[in-house]
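Just one chain follows, in the form predicted alone, and it is written as structure tokens.
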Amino acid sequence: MFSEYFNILGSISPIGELCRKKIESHLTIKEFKKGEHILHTGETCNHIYFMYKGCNRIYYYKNDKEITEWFTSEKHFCFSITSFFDKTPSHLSIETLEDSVVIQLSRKGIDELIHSDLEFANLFINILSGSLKLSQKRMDSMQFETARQRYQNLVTEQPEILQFANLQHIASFLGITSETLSRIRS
């Protein structure tokens, strides 16, 4: 299980065997059933999560409505960025859409590794820059693309989400109503 995790880390930034061993000492594996929360609103995010198996949705509440911000599928990372860095309660929740296995890297471990291992520090910078690029892409999509284009991008880039997420969550993620999503799909 960890070998796949480290292959993905290595594709982000090269890391040697010593760095891998240091990282591994800060990893935990957790299993979640469909519908369970990896992180609840109000909890502080103390890990960066890697979806080894399964997928999830990241959402928040606005005017008593759930708004889906992001979907994370297998072999991708997720976390509540503001909560993690500010060490404050998260306004986001992370809910599994199917039975899932998550590899968690602790904040304590990250802090130790950033200060003691240059390979890890470079890896962490590359993970964060990737996260920033995805956030910018999402913002650009919401501002400059039509609902149909956003849906087509989801179909192309994350088709597995269509198998697990309900239409209301997908519509919310796309910033449209369920009725508009139904028209786009037909």
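Treat the numbers as computed from the prediction; the structure is a model and nothing was measured. In this text, residue numbers run from 1 along the sequence as written.
Omitted here: the form predicted in complex with the DNA. The next part is about that form.
Trainee: Considering the DNA in the model of the complex, find the one stretch among 115-123, 128-136, 43-51, 141-149 with heavy atoms no farther than 4.5 Å from it.
Mentor: That would be 141-149.
Trainee: Although the partner isn't part of this model, could you tell me whether Lys65 comes within 4.5 Å of the DNA in the model of the complex, counting any heavy atom of the residue?
Mentor: Taking the distances in the model of the complex, the answer for Lys65 is yes, it comes within 4.5 Å of the DNA.
Trainee: I'd like to know if Pro14 sits close to the DNA in the model of the complex, meaning any non-hydrogen atom pair within 4.5 angstroms.
Mentor: Residue-level check for Pro14: no, no contact with the DNA.
Trainee: May I ask you to state whether Gly10 is within 4.5 Å of the DNA in the model of the complex, using heavy atom distances?
Mentor: Taking the distances in the model of the complex, the answer for Gly10 is no, it never comes within 4.5 Å of the DNA.
Trainee: Is there any non-hydrogen atom of Leu162 lying within 4.5 Å of the DNA in the model of the complex?
Mentor: Leu162: no, not in contact with the DNA in the model of the complex.
Trainee: For the stretch 5-31, return the residues whose heavy atoms include at least one within 4.5 Å of the DNA in the model of the complex, in the order they occur.
Mentor: Going through 5-31 in order - heavy atoms within 4.5 Å of the DNA in the model of the complex - there are no hits.
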